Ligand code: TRP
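Presented below, as structure tokens, is a lone chain in the form predicted alone.
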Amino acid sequence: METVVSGIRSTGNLHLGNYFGALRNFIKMQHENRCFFFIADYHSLTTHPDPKLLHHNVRQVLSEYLAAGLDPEASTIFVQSDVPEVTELYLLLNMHAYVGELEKTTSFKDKIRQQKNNVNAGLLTYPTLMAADILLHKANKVPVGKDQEQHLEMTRNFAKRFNSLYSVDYFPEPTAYNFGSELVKIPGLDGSGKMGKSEGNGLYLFDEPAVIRKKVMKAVTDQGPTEPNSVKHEAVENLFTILKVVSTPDTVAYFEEKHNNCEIRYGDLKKQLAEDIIAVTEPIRERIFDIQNDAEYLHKVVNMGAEKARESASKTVAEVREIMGFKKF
């Protein structure tokens, strides 16, 4: 059984891309591996979030992941700031992280362009904190997207450097989690790219049916096919991609045939797509509300998660301190 660690941002709501992409694989993997899923509230501080909203965002994200199927009995689900050991390991790893290599990370370069007036040390050492999150539980596997591959490579470098400096074989060098198949990539409604909060093209699990219908009806299409069996415009192909993950095969086949015969009415396609999305998301949305309103359950989940995470974390930090030469008198 392998140890898997995955961080969950404490800002934003889950959208269809999250759910049909990695999340459904998380739900499966939690029964096959030793999994740690944490809500990364420390990471969010690099952008100085409103303190009045920080806890609200954590509560929202936690509720949504639980509603979508993460099981606190099967995996360890915790809030990053509830496990203070991560900050100590972050400090210790920073002693062997070099400014030059941190400044070269793509994410840091992107952020200093986006927030020129807020280039803080947290942004620079973001990869070290991410490494601490992973190495704290001696993870073997980490589910990451393309944008995080460089950070995972740096985590391996930090692990290798620590082992070499102290002549130990302590930290494993974690690799990207391979789900065994190509991940489903859910496109946005704007005709191109992936679905995401920053792009403003998302359909969220928390969206009410009326909101979903409105968003889908505004989705970008084209003028319609002019020749039988013609290649779909990218925007239309995007709608069919979403249709294939939420609708029945018969429904998909019906609209494929209509498109191939130049008989498709995009209004009909969008209406069907909206209703099928609602059929998938509405049960989850209802569970989100139930969980949000159950303070006792949320309290139990985070306390249980913190206890399990700290048991693992404290063992790692104690051993790291000993390896590095810290001893009690």
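Nothing here was measured: the structure is a model prediction, and the numbers come from that model. A residue's number is simply how far along the shown sequence it sits, counting from 1.
Beyond what is shown, the protein has a form predicted in complex with ligand TRP; the following relates to that form.
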{"item": "is_contact(V144, ligand TRP) in the predicted complex, heavy atom dist at most 4.5 Å", "value": "yes"}
{"item": "Residue contact check: M130 to ligand TRP in the predicted complex, 4.5 Å heavy atom", "value": "yes"}
{"item": "is_contact(Y126, ligand TRP) in the predicted complex, heavy atom dist at most 4.5 Å", "value": "yes"}
{"item": "Contact label in the predicted complex: H43 to ligand TRP, heavy atom within 4.5 Å", "value": "yes"}
{"item": "Stretch in contact, per heavy atom within 4.5 angstroms of ligand TRP in the predicted complex, of 234-242, 157-165, 205-213, 134-142", "value": "134-142"}
